[in-house]
Ligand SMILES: Cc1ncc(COP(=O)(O)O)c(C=O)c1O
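As a starting point, one isolated chain is supplied in structure tokens, in the form predicted alone.
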Amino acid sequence: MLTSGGSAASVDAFVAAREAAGNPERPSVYMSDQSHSAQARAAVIVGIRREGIRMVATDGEYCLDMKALARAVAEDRAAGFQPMAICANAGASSTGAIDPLQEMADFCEAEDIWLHVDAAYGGFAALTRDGARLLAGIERADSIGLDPHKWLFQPYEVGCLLVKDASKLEDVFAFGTTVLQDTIWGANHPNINDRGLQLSRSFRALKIWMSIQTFGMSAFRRAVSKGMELSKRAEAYVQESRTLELLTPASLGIVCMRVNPAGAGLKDETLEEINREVLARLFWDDLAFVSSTSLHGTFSLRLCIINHSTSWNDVRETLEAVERFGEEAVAA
């Protein structure tokens, strides 16, 4: 089902998860501390109290820690909570990290808990051979949220919700409203009104269909692969630099780094000031759009290569500018 974006897809998925769990009185949901705020927001919207929203610790590569998840679920069951859903990242927004999807699917099956995968950013990596390998296990999810207006290069607004069993949506959203009774004439086709919040909607499918018909799926595969290849080259550049420090390995199209000259011995507070100045200068000089994030409290520059027209020269010049601005800030 196509939606306005990943946030709306998450809400519809959580409504289905709540229904599948039997509308528990004290529901709880679980997601990593790197999850997008849309997941927590969706949980609140469907009626989960904030004490039932568990942020699970992540490991050194910012992937969900399975031991911490199992411990949280066990503790909550003992305290009278009823686990309703577990959210996995398939391309965390800060780092591009992919949670252990196979292990999470095994756990959810054993615990009878709905598995939702937030693949809003990274899901379309599955179009490529390497991406499909990295996302192995995603097909076992009960629901998956995607954003074609990210790595399928579509205009705003178009999100997508995939569910393993469409009846789980219809159990919640299908109502026999009198004024819509004539839709029975289309009974041989899916009635999207019965599968989500929206009745009126724009023709979101048109732009996706037309793009693929015009350019062919191979063009999209090449574009996604190119972003992943460029992020690997950026990672190698940062590792070789004496000015930059790699904070996360390249994952999908994202690399996180900071200015931290070798041997300078600068404190974290000073490094944050320097990197904030570098970020501001990138904005002011209009060289490139580099965002920032916080990784377990460490300020990070976040390079996300998602534009299909980006070249290695673009990436290299951006990294050179980060080095130059960083060296100038340190010298000052």
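Sequential numbering from 1, following the sequence displayed. Predicted, not measured: the structure shown is a model, and the values here were computed from it.
There is another form of this protein, the form predicted together with the ligand, and it is not shown here; the text below is about that form.
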Find out whether any non-hydrogen atom of Gly326 is located within 4.5 angstroms of the ligand in the model of the complex, and reply yes or no.
no
Close approach of Trp151 to the ligand in the model of the complex, 4.5 Å, heavy atom
no
Heavy atoms within 4.5 Å of the ligand in the model of the complex: does Asp99 have any?
no
Given that the ligand is not shown alongside this chain, does Tyr121 nevertheless sit within 4.5 Å of it in the model of the complex, heavy atom to heavy atom?
yes
Contact check in the model of the complex: Ser28, Gly52 and Arg77 versus the ligand, with a cutoff of 4.5 Å between any heavy atoms. Do all three pass?
no
Taking the partner as it appears in the model of the complex, which of 280-288, 263-271, 31-39, 56-64 has residues with heavy atoms within 4.5 Å of the ligand?
31-39
Picking from Gly91, Gly253, Gly196, Pro83, the single residue whose non-hydrogen atoms come within 4.5 angstroms of the ligand in the model of the complex is Gly91
Need the contact residues for 1-35: heavy atom within 4.5 Å of the ligand in the model of the complex, sequence order, or none if there are none.
Gly5, Gly6, Ser7
